[in-house]
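Only one chain is shown below, in structure tokens, and it's the form predicted on its own.
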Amino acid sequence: MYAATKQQLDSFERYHEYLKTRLDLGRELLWLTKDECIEAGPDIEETLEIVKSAMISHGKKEYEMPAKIGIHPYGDVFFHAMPAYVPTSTACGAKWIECFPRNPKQYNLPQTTGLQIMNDVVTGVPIAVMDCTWLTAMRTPAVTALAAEALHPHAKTFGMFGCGVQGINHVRYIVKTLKELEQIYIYDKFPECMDRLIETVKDEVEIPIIKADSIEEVAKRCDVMSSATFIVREPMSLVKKEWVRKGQTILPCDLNTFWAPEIALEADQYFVDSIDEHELFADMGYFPDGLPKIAAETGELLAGLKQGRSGADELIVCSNIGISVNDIAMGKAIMDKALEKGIGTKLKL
């Protein structure tokens, strides 16, 4: 449990008084669709600032956030419940998100859907319910980009495995933090996904984007790499240990799914966004070869509390699987702009 400071308690009260001018607290809430979240939401630069602040709060232990719990009706799907309290953002709430990879082909539905509830810190009453897929798509690559900047700021090449929504946004974000990039390599088993990524970002990303012919090509050519595929308990080991080298930085968003387990186990340093969540996933069997020794959390690196890369010849792995302090901070930013601009629908409780 985190004990708020006097200054934070005062900010809670001020925000509560503001909410009373926008909502009939306890009797109505704001409903925001996905399109309305996009309309009210922060851009990439603003998202990087919001997420960095939330990650620093996490690094300083100025938060309350239990490790995400979930249910798994089928072996290839999950629901995650992700509550958080972020006093530095005057924000608390919970995200309920699910991932069904079969949906697009079998049911013509999105792979990922979900809702987020925001609450008034002072009274606890719900103040907003919103789509959470767009903010998830925005905050996830922000963490990768910020971690890349902290661990490998002079990288010349970046590689992205997976060219879906997350892959597209990773490419959009990484050029904001790795200022010396000269080439971006992408790989997806579906060539049309690579083509769609390039077409989507062509007006934003001036750095050459190269469609790799193989996973091995990306692994051998890139200084920094990320993967955003899907999460399974048994590692697919699609990136082999012999393809990576000292001096690289690897930033998976999909636990140990895509990479041979010995890469993380033998890395010089292994960082994670949340120790609690990685230990929880390990208990659930997602690291059958064992959870690597954790050097620090990503937020501690961003807060300057722990050292990141200590030498150019280190192989670094930084696993960021998503923590709800970022979701709740993003939800607060979306809700504030929506209330300010009159976006969304007020619903009776």
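Start at 1 with the first residue shown and count on from there. Predicted model, so just to flag it, every value in this text is computed and none were measured.
The same protein also exists as the form predicted in complex with a small molecule; that form is not shown, yet it is the one meant from here on.
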Problem - Partner-facing stretch of 122 to 130, 171 to 179, 150 to 158, 253 to 261, counted where any non-hydrogen atom is within 4.5 angstroms of the small molecule in the model of the complex - result: 253 to 261
Problem - Residue (of G114, P87, P235, G162) lying close to the small molecule in the model of the complex, criterion heavy atoms within 4.5 Å - result: G162
Handout entry: Residue among K202, H72, K246, K189 with a heavy atom within 4.5 Å of the small molecule in the model of the complex
Key = K189
Problem - Contact test, all of P104, T140 and Q166, partner the small molecule in the model of the complex, heavy atom 4.5 Å - result: yes
Handout entry: the small molecule contact at I321 in the model of the complex, heavy atom, 4.5 Å
Key = yes
Handout entry: Touches the small molecule in the model of the complex: F79 (any heavy atom, 4.5 Å)
Key = no
Problem - Contact of C193 with the small molecule in the model of the complex (heavy atom, 4.5 Å) - result: yes
Exercise for the section: May I ask you to check whether A228 falls inside a 4.5 Å heavy atom distance of the small molecule in the model of the complex? Expected result: yes
